[in-house]
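One chain comes next, on its own, written as structure tokens: the form predicted alone.
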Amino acid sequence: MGTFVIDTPSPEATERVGRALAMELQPGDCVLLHGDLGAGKTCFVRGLAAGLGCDATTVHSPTFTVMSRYPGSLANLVHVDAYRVGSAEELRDAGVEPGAPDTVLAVEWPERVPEAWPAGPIEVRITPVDTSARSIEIRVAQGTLSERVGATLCAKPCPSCRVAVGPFDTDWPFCSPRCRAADLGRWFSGQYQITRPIESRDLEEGTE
């Protein structure tokens, strides 16, 4: 199991994590969302919708409808709230089809009916840190998807000080405004200048 933890400073950043994850998903995948009321599960689903080519502005919590469906250019998104669901049969009666070949399924409160979901789901747990910040843990079965998600979501060194910084931090790819300003200063001072003439092979390498 690959586990990735991302800290987000704002709801917008939480949506960006959802969008980045969606771009690595395939129709038939199931995303189980864990978190208390107000944790940001629906916010994360808006990001999933955007990444799948759905109209994210129409995404809302399906608390009173059990299921909402959003058509997308890459895959359809079915958003389920299982809080008031008592069995897998109730889900089927509501029209929920886990594993549908043209759909990504996103489920809030999946622990209410754990038997209803296909094997090997993507597990997302969202924990509030303060009024805006969230800690998001994503668990993916080992394999190609885990490798792709890791490449997309894992922290990388700040170009200035080499401290690890996540791709959804405010100052990405830098760890702070100070490092961003220091890098800009190096550009202005000419430290990044090319020290030899550009050759034809340099241009050829850039087109490969």
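Keep in mind that what you see is a predicted model, and the values were worked out from it rather than measured. Numbering starts at 1 and runs along the sequence shown.
One more form of this protein should be noted, the form predicted together with a small molecule, which is absent from this view; the next part is about it.
Although the partner is absent from this view, residue 133 contacts the small molecule in the predicted bound form, with a non-hydrogen atom inside 4.5 angstroms. Interface membership of residue 37, defined by any non-hydrogen atom within 4.5 Å of the small molecule in the predicted bound form, is confirmed. In the predicted bound form, residue 152 stays away from the small molecule, with no heavy atom inside 4.5 Å. Although the partner is absent from this view, residue 43 contacts the small molecule in the predicted bound form, with a non-hydrogen atom inside 4.5 angstroms. Although the small molecule is omitted here, in the predicted bound form all of 9, 14 and 108 have a heavy atom within 4.5 Å of it. Only one of 111-119, 68-76, 124-132, 87-95 places residue heavy atoms within 4.5 angstroms of the small molecule in the predicted bound form, namely 124-132.
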